[in-house]
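Below you'll find only one chain, the form predicted on its own, shown as structure tokens.
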């Protein structure tokens, strides 16, 4: 009986965790451009990610004057309602019932949506009925109207939200900003979240914000400008300081954990490196940092803390750990030709084509080999 109860508890736990991940990003990438877009998108959402992959690996769609790729698109154009018109892809098991929102990210092939992505949507479009659908299209220069038409044909009962985001060779270097602005326009039901950047001296921590009126007001303020405040140590378990403004409260009895960020008395922000139980409004939690790392980052005694919504307001990430945390170590002397890091903070010798990387405190994009 105990085993049965434990098993039911595990199932309920998995169900609750899944219910929190209400956005799905489905993408296909051949050259790596769309993969780079999705890598950037991960930092803006709490979405689950699925990659569509052709069943036959190693196909060179551009070979022989694009013979294979153009033939795949031609077959779909001739018989779009027949399953055999679509190229085979590797099997994917997706429970669409878990998601309210779906972002489709795809390249453009010969004015149409890439054939493997069309296969995925042809097979699953009916299960996306009633879902909020958003579209990202990558191309060199060709317009994306036919790709939008393909998406609406393949997901006929989806609720398309926002304007499709078009990333092309002219604006690709601005892709991080374009994505950040685009996600804010989506009328999604949940989990399109802002990241909070918390800087103490030369160390920056990242945090995932909760979804409530307090964080909405905080984000609105931070969009105007970063907030810097003085924090004092209290009880050997927290750093607390005045925000200089009041936020909406939804206080509830809370037992905090290291990394929790809460609002106290409507205008005091508290960052915990220990634990306490009190009436708080939850604001968020610092990402992937141990208690020891938090203590080291927050330091002894009083400190000055800056809150921001943009990684560009902080310096270069120099955490070279293979298992990245939410802590970024700044390098105030970084130069444009200094060391390079991927978006997870791991040092790299050189970027690959289609990769976004950080150098000299700036995000950059590798266009070609």
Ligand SMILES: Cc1cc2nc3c(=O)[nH]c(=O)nc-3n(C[C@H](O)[C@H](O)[C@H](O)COP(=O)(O)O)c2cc1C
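What you see is a predicted model, and the numbers here were worked out from it, not measured in a lab. Numbering follows the first chain given and starts at 1.
Note that the form predicted in complex with the named molecule isn't included here; everything after this is about it.
Asker: With the named molecule left out here, work out from 102 to 110, 224 to 232, 283 to 291, 210 to 218 which stretch has heavy atoms within 4.5 Å of it in the predicted bound form.
Answerer: Among the candidates, contact is made by 102 to 110.
Asker: Just one of 251, 139, 246, 202 has a heavy atom within 4.5 Å of the named molecule in the predicted bound form. Which one?
Answerer: Looking at the other structure, the residue within range turns out to be 139.
Asker: Could you work out which of 295, 172, 152, 184 is the residue within 4.5 angstroms of the named molecule in the predicted bound form, going by heavy atoms?
Answerer: By the 4.5 Å heavy-atom cutoff, the listed residue in contact is 172.
Asker: Consider residue 31 of the chain shown here, and say whether it contacts the named molecule in the predicted bound form, taking contact as heavy atoms within 4.5 Å.
Answerer: Yes, residue 31 sits close enough to the named molecule in the predicted bound form that at least one of its heavy atoms falls within 4.5 Å.
Asker: Examine residue 69 and determine whether its closest non-hydrogen atom to the named molecule in the predicted bound form is within 4.5 angstroms.
Answerer: Yes, residue 69 sits close enough to the named molecule in the predicted bound form that at least one of its heavy atoms falls within 4.5 Å.
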